[in-house]
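Shown below, as structure tokens, is a lone chain in the form predicted alone; questions about how it binds or moves come after it.
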Amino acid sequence: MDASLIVYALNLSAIYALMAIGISLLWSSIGMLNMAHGATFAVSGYGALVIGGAVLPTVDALLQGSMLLSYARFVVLLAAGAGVGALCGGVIYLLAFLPIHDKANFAVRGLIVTLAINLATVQGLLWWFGPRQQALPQIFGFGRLEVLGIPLRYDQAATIGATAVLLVAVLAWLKLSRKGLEIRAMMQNPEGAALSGISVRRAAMPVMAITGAMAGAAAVLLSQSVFVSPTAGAMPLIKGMIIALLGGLGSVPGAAIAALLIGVLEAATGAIPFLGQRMVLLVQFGFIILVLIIRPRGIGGLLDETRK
């Protein structure tokens, strides 16, 4: 695999990791498979588009000719996408978690409710914005730089770097903050956490907001190379789900490793002439099935007996 393919694989892995880790965090902490994660992705892309259209002209006027202009534009769009994603997470918490979290078969009920939210959101976006694809403003242009002799486009370098910073910040929050400690306790032993006085109702809200913000950040980063559309969240949702399963639902390190493997596999498959992009999903699903046959709990998943 040449240097350009390695960069492409890392770029894909970074975006997929943001989606997959969010899905894995939700499942391991509150037991919900959020099928509205794709809707959060799409809404965040449009949120960044609308907010960017309103704010960026002012930023351009204030910093015209400055070296900080590209960074300011990047911060504005990333903050807009992450902020809208966090708001979407809060809405999903109010609609799909609070009313049913203490009901029987919560996991199935939550899956159905979030799927309904996803479908309704896509239809709402189609009604409001129409089916036409739209592009987010280019932040860094089309230049290149070299890192250790490897050529990187500006947007690729920003995506990889921003994802690394975001994931480190989330992991540090989980490890060092009191709320993060509560969430980790819920991930390891939900019953024990409840007996210790940890409220699932209170702890779920920050998890929903943070995972929504991660999906919003992924939308902004991916939309630097593809377009924003009402159905833009479908493929990231599918990839996030399969990567979370491959990594082991509930395992954040497993999801990160799985995202890297899937990104490398997608880049390598697309570069093989007799396979190409049309065979990417088939190869990925074949790889995932093989891994899950050998290791049913995923790369980093724990056995249920071990968790108990």
Partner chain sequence: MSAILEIRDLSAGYGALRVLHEINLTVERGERLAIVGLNGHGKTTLFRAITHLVGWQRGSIRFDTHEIGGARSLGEGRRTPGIVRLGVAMTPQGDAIFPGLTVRQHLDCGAWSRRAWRERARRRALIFEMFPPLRKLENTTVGTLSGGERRMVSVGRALMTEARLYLIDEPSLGLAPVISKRVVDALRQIDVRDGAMIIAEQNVSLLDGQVDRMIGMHAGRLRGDVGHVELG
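In this text, rigid core is short for the largest set of C-alphas that superpose within 1.5 Å between two forms. Numbering follows the first chain given and starts at 1. On a predicted model such as this, the values are computed, not experimentally measured, just so you know.
Although not depicted, the form predicted in complex with its partner chain is the subject of the following passage.
Undergrad: At 4.5 Å between heavy atoms, only one of the stretches 178-186, 155-163, 222-230, 69-77 reaches its partner chain in the predicted bound form; which one is it?
TA: Selected range: 178-186.
Undergrad: Counting only non-hydrogen atoms and a 4.5 angstroms cut-off, does residue 198 reach its partner chain in the predicted bound form?
TA: Yes, contact at 4.5 Å.
Undergrad: If we define contact as a non-hydrogen atom of the residue within 4.5 angstroms of the partner, is residue 192 a contact of its partner chain in the predicted bound form?
TA: Yes, residue 192 lies within 4.5 Å of its partner chain in the predicted bound form.
Undergrad: Answer with yes or no whether residue 98 is in contact with its partner chain in the predicted bound form, where contact means some heavy atom within 4.5 Å.
TA: Yes, residue 98 sits close enough to its partner chain in the predicted bound form that at least one of its heavy atoms falls within 4.5 Å.
Undergrad: Return yes or no for residue 185: a CA shift of at least 2 Å between this form and the one not shown, with the rigid core superposed?
TA: Indeed, residue 185 is displaced by 2 Å or more.
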